[in-house]
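Form predicted alone, single chain, as structure tokens, below.
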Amino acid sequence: MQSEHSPQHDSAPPGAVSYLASVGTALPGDPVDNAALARTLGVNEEWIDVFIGTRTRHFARDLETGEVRWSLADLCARAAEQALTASGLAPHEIDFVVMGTATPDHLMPATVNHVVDQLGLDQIPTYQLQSGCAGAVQALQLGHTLVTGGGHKAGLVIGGDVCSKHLDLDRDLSSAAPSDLVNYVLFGDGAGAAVVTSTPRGERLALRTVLNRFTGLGREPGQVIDWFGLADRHEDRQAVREDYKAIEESVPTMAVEILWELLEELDWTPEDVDFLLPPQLSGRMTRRITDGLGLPDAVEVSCVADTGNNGNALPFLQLEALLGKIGQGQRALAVAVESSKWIKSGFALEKI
């Protein structure tokens, strides 16, 4: 849709604006299709196709040997280096680095500091936010705040996850319940990054607003990822647990609420939205959520069916795809839901 915005929407809404100058992404290894995954896990390929709807995903570990070939820091550094190169900025022009992840390489040091070390940066502030699917948006919000009110001119915002390290590939899954098995077929690994600036540079994508709100008061978590220490590492429990029924029931409704909150804050109408970046749970769930958002004229920008759910990498993978489509004056809305403790998040962009 080529949008022709009415005069009252031609100027930016009140509030500070930052800019995305570039985006970079990193996916480990070759894509793993459902046939290969089904053989490795000893599960039904058709069930993956129908129930999950994801065609391929990438893993940082070798499925045959279990060897971890890429750390989260490796993937994030590769994505950040790509974004920095594409931005045209020199490394010394980066004033800070913010990273969002649910699966850091270590409790300490923070993974973001290993990333900065690999990039050859020094003497700058670093921040790591631990969160699930909302972590990348939270990192984007902090980056936005730092360049609009923190006295900084440019920074790197990074998101990524290596989910496969939490899965026990030696486990017999032949009799596993679907709610348990879903964790083995839903997720993938990857990372993404963007250079955020205080003035238009590079891609000149204006970040109009960012939404980040906890809404889980009194609610049970929809997803839990456990840490295992010396005292409990041999306990018979899964590292990743998920209430997929609660997620299926709650996320579509929350996505609609996020969409309208963003529209109302910006004084945009549904017709003003040229591109929609919907939540990326799985191929099947994303189709269902997108249908319920009610923006038939907006072009959907999704990637999860080909990348798997790699958590905090997903918004950057969507942004990378958006860059090849969006034209001057066009607008995009991104919606993300974190089910761990029910966080609403999203952001709005405009190409200037």
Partner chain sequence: MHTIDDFVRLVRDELGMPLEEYQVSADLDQLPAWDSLYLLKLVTALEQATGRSLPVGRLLEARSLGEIYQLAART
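Positions refer to the first chain, counted from 1. Keep in mind that this is a model prediction, so the values were computed, not measured.
Keep in mind the form predicted in complex with the partner chain is missing from the figure; the text below concerns it.
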request  = Choose from 77-85, 168-176, 203-211, 151-159 the stretch whose residues reach within 4.5 Å of the partner chain in the model of the complex, heavy atoms counted.
outcome  = 168-176
inquiry  = By the heavy atom within 4.5 Å rule, which residue out of 121, 129, 89, 181 makes contact with the partner chain in the model of the complex?
reply    = 181
inquiry  = Considering non-hydrogen atoms and a 4.5 Å limit, which listed residue (32, 43, 326, 295) is close to the partner chain in the model of the complex?
reply    = 43
Heavy atom of residue 50 within 4.5 Å of the partner chain in the model of the complex = yes
query = Hey, in the model of the complex, is residue 245 touching the partner chain, heavy atoms inside 4.5 Å?
reply = yes
